[in-house]
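Okay, so here's just one chain, in structure tokens, the form predicted alone.
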């Protein structure tokens, strides 16, 4: 009897490696023409393997079900991930934010060393083969059926990923197999993605990147995210690091009253900013307002700020009242936009939701519903912020499944 691993992504490959290392016959089935298709595009093609942090920091960056991950992350830590890749021939480096990348900056090198490691152990890799069904009898897995073959199996690992970036083969197959075997799949939403904004005044800002700003996001009057960093305006709304992180905390909310507030000058208090404006206006007292904010703001932002302030753009600086200046300060400290929706699964880095972790043993990744059925990676209801944390989830859960 064989172990069949369904899915040749990061969790499936790590799982197959350790399962084979433990002396079991392993068939790894991947419906694409090559392994690691989604892995290839992660980290903008550079592959952010993990985050070089301690376990507590790692768990603090997990959005969904961090407690479930405690066993697997202690069993296979970020340090273990780095050591594993170094041991199979991949040199790594650590960059800003403790993000770990291959030294070559090529995700293809990550896939290459994993494939070589699997082949050197004798894992039977099946490409261009699509799993159609996982069969069970008396609550035990018995067989995996594909479009080309049937495989008797006493262990089956579902490591098929989520439904984000479906062009890479992540089309939700694992959810269907799990449901058919009696598992619950929680609500699926896109995560680590951009925001579609209401209205159209953001459109004039398309292509503008804002650095060192503070983005706060509120649901009604309650602020649930506030962070300083970088973001950008696009044809649909906003994206960039701050927005991707905020999206992970927004997925389970209703979008009735979500407001984004951008502090364009977080280093200055409102009082200091008012003094700065007053100084700039005094130096250029005979200039029109529209020509006086260049030192404070990117050019693309000036028309929107003036429009929202309600001040005549041709009004001279020495004519601007204290009240009008206060309006400008308020806008610079809190430029607000309303959220329409999240971007879709086609653009989302990961899927929020998945196979309910209540039905999976956290120490082994085995199903509590069907004996011999295991899960690993994004197919589970597990997700985290950007920075290598999601790939680490894949590696840790894959490792645990492969060792149990």
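Numbering follows the first chain given and starts at 1. Everything numeric in this text was worked out from a predicted model, so none of it was measured.
Keep in mind the form predicted together with a small molecule is missing from the figure; the text below concerns it.
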TODO: Look up in the predicted complex whether residue 41 has a non-hydrogen atom within 4.5 angstroms of the small molecule, and give yes or no.
DONE: yes
Open item on the list: I'd like to check something about residue 80: if you look in the predicted complex, is any of its heavy atoms closer than or equal to 4.5 Å to a heavy atom of the small molecule?
Closed with: no
Open item on the list: Please tell me whether any heavy atom belonging to residue 389 falls inside 4.5 Å of a heavy atom of the small molecule, as the geometry stands in the predicted complex.
Closed with: yes
Task: residue 202: touches the small molecule in the predicted complex, heavy atom cutoff 4.5 angstroms - done: no
Open item on the list: Please identify, from 332-340, 23-31, 354-362, 61-69, the stretch that has a heavy atom within 4.5 Å of the small molecule in the predicted complex.
Closed with: 23-31
- [ ] Select from the listed residues 312, 228, 149, 130 the one whose heavy atoms reach within 4.5 Å of the small molecule in the predicted complex.
- [x] 130
